[in-house]
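We begin with a single chain expressed as structure tokens, specifically the form predicted on its own.
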Amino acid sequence: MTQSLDRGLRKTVDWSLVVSWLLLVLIGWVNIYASIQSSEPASIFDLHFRSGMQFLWICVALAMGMVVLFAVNPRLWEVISSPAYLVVLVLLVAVIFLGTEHKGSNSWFSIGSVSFQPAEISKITTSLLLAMVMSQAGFRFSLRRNRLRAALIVGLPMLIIVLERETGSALVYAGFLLPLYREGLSGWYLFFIGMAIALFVLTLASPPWVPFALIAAALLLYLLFYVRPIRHLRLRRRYLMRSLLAAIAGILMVFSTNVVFHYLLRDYQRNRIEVVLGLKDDPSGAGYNVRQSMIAIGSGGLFGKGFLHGTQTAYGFVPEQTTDFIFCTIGEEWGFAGCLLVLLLYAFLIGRIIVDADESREGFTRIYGYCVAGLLTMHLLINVGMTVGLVPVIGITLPLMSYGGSSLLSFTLLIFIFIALHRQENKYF
């Protein structure tokens, strides 16, 4: 019986995902320890330091992952998706009024010495509800009401998080475009989103005529290669009208960008965007974190300075080095080779989730897997982009590696729910 159980566990659980999770968590823990070292090194298990606290959170996360994998019926996640989503929406609203302010945002509940961020939990509940709704029989993106339902599920918590002044956490919700596109959302939506980002950047960083030239070029290409081949007159008129409305929306966005940039964004957000776009050189202010991070990564060379030998790390030149800028510790002490290894581990984890999701026979598991992959990808791109100066500093953690129990537990739960759902399918097929 025991041998049969062991064989069942080997065949049904994708242990490569568990091992990938464990490797990333341990690498993060070791580098958190490196980030807090000074002239008086402490034990990596010392609970007075962040490395000791992170080890405690790792133990809790591992225990939680095993409970999710072996003690909870995976069917439960689909059943509770709606009530859990609503509860977290209430928490997201409540934290605006009852939460403690942290770095300019009201997004944390503090109970004694323990703090947690509802925005982290909302990624899980949004993924679950989106997977439940989109896996229902008859759901098709060709129906407008279904597109609106999906947009509402993703957009509602995203909007509330923006009201909490957690812009970074809200941007991560762009990761949900991956499951939406996988399930049939037209690629033109992605094109228009990309155009909106390009127009925002060009309006701020280029001569005034450039964004209008981009709108004209995009409209011309759309009309020539998409609308013109349509032979049905009524259908052609419909797409022609949509293209003209899109062009008008683009023009309005160009005119409104300066209003949004100067009157709706906070000073520190404007400064960070201007530094990234090269509109401002502020090495001692908004650009300080990125400048020091790039120095740390660049000084690591090919193989790094060695564990606990990073000067930028040891003397604390990079603020938030255990959280938002943990990647620069890897770059300085482990060099390009260490950075590449970490990125390959993330690529394997995300790629394996997508492979398992595509192999799933149940729509709920497939869609949820793509949600997990999309969220991990967005976190990875934004965080690494911040450390090398390609993305404004917006306070996004590196999944599984940055210090913090709220982030570690939420990503662990997000991943292990998928592993459990995948295991459930393997048990019966």
Partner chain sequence: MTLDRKNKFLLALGVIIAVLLGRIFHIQVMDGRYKSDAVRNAMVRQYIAPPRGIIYDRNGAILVGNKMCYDLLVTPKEVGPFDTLALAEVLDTSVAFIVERMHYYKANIRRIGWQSVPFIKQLGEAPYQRFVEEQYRFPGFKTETRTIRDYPFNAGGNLLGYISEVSPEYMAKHPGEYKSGDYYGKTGLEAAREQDLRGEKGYHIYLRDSRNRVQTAYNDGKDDKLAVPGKDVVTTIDAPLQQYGQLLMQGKKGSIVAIEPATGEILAMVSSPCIDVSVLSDVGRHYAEISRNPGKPMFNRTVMASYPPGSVFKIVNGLIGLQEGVLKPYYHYPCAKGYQYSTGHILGCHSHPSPLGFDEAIMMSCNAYFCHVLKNVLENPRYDSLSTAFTAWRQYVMSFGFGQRLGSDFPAELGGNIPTAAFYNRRYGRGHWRFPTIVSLSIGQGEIGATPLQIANLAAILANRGWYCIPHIVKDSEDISIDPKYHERHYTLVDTLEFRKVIPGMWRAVNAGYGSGATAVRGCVPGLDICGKTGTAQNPHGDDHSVFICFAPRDNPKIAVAAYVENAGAGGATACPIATLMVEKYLNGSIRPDRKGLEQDMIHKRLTRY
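Nothing here was measured: the structure is a model prediction, and the numbers come from that model. Here the rigid core means the biggest group of C-alpha atoms that line up within 1.5 Å when the two forms are laid on top of each other. Numbering follows the first chain given and starts at 1.
FYI, the form predicted in complex with its partner chain isn't displayed, but the following is about it.
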Practice task
Give a yes/no on whether Cys339 approaches its partner chain to within 4.5 Å in the predicted complex, heavy atoms considered.
Solution key: yes
Exercise for the section: Answer with yes or no whether Arg291 is in contact with its partner chain in the predicted complex, where contact means some heavy atom within 4.5 Å. Expected result: yes
Practice task
Mark Leu224 yes when one of its heavy atoms lies within 4.5 Å of a heavy atom of its partner chain in the predicted complex, and no otherwise.
Solution key: no
Handout entry: Contact test in the predicted complex: Leu69 vs its partner chain, heavy atoms, 4.5 Å
Key = no
Exercise for the section: Counting non-hydrogen atoms within 4.5 angstroms of its partner chain in the predicted complex, say which of Ser206, Ser243, Asn146, Ser299 makes the cut. Expected result: Ser299
Practice task
Answer with one of Val154, Ile273, Ala170, Ile350: the residue that has a non-hydrogen atom within 4.5 Å of its partner chain in the predicted complex.
Solution key: Ile350
Completion exercise
For its partner chain in the predicted complex, the stretch among 350 to 358, 195 to 203, 233 to 241, 127 to 135 with residues bearing a heavy atom within 4.5 Å is 350 to 358
Problem - in the predicted complex: members of 375 to 395 within 4.5 Å of its partner chain, any heavy atom - result: Thr377, Leu380, Leu381, Val384, Gly385, Val388, Gly389, Leu390
Exercise for the section: Compare the position of the CA of Tyr226 between the shown form and the other one after a rigid core fit and state whether the shift reaches 2 Å. Expected result: yes
